[in-house]
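Listed next as structure tokens is one chain, alone, in the form predicted on its own.
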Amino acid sequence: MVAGAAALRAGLAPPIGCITESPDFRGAGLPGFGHLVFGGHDVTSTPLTKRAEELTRSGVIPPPLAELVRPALDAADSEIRPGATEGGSQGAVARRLIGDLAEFRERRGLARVIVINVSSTEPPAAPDPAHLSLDALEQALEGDIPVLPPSSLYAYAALSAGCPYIDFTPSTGARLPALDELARRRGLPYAGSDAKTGETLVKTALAPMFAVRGLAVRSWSGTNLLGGGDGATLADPAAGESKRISKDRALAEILGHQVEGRTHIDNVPHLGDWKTAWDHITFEGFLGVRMSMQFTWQGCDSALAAPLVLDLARLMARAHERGVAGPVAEFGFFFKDPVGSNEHRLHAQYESLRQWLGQGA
């Protein structure tokens, strides 16, 4: 994402995959790629240049481009601070994260900071009474027992620092009543969750066809093969369950009923950043005649996700500028499990986003 933004700023690559650069969104007052400054929190110490080298070896970043954007990677690397780690109360950790965000904003003279969670997927969070109200949560954060999963701790820190927050993964993040209360109290927008970059993107475009055509979908099964860090994370059954719940939710909403089948996720390390999804669909037509359809999606996860991160950063900056508070339902176009909306049909989501952006200030 950082390498791609640098390439776009320098005119070294076209903005393929960035919908905010399409004709429907030009002239909407979004910040330009040249106005974006990158920083973050991380629990690893691997430099961004090393990560870029790995992506270059796997064919994601063209070798000449990797060298040309190295200064941008180094600049972003200098703005990465240690992430949330164990030790002390979560309240103390949150105060450190809040301080980092405030210092970054003030030192760089930024109009706003957008925090986007692109960390590894977490297992579903266990319910806790402290999640139900902001006062209860802030009291619990000072205790010795962690009350928030890491994604929600980052969301709390971001919102407390006056920063809009986006859940790019299916982790809990801002999807707690206490954090919704915090966002509304601070007048901040948030969005999520779990960006759709491949199989689910196809599902939300294809399932409405069956629905409007009156064809009865009876089963929809999928198998996902992927490697890299995402594959390793999702090999853990608990983390994989968060992803499966998110991926399977759209079908029932679009079709109006549950269907047989589920999504299976397999870690194949040799695939690296490349993923393959194979889906098998059975449906019935007139007089109950049984038919089927299959499709295969093969894509590069980083190349599919990076432009969405850039789009969301630019759009969330506009939402913040407008004074939007609470979940931005119109951003559901980007997500498998959109916060604040039950609309999953891709075309309807796109129209909602386009109309929202066209409303002006």
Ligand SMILES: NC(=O)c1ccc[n+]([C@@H]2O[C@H](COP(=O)([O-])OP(=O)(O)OC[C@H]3O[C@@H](n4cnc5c(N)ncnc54)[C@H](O)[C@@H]3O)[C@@H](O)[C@H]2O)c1
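Position 1 is the first residue in the sequence shown; the rest follow in order. Because the structure is predicted, anything quoted here is derived from the model rather than measured.
Same protein, other form: the form predicted in complex with this ligand, not shown, and the subject of what follows.
J.: Would all three of 43, 51 and 301 be in contact with this ligand in the predicted bound form, where contact means some heavy atom lies within 4.5 Å?
T.: Yes: 43, 51 and 301 each sit within 4.5 Å of this ligand in the predicted bound form.
J.: Which among 316-324, 31-39, 301-309, 62-70 is in contact with this ligand in the predicted bound form, heavy atoms within 4.5 angstroms?
T.: Correct option: 301-309.
J.: Consider the chain as shown here, without its partner, and state which of 181, 248, 100, 230 has a heavy atom within 4.5 Å of this ligand in the predicted bound form.
T.: If I apply the 4.5 Å criterion carefully, the residue I get is 230.
J.: Please tell me which of 176, 195, 148, 163 lies within 4.5 Å of this ligand in the predicted bound form, judged by heavy atoms.
T.: Residue within 4.5 Å of the partner: 195.
J.: Can residue 267 be called a contact residue for this ligand in the predicted bound form at 4.5 Å between heavy atoms?
T.: No, residue 267 is distant from the partner.
J.: Given that the partner is absent here, does residue 118 sit within 4.5 Å of this ligand in the predicted bound form, heavy atoms only?
T.: Residue 118: yes, in contact with this ligand in the predicted bound form.
J.: According to a 4.5 angstroms non-hydrogen atom cut-off, is residue 189 in contact with this ligand in the predicted bound form?
T.: No.
J.: Even though the partner isn't displayed, in the predicted bound form is residue 169 close enough to this ligand, meaning a heavy atom within 4.5 Å?
T.: The answer is yes: residue 169 has a heavy atom within 4.5 Å of this ligand.
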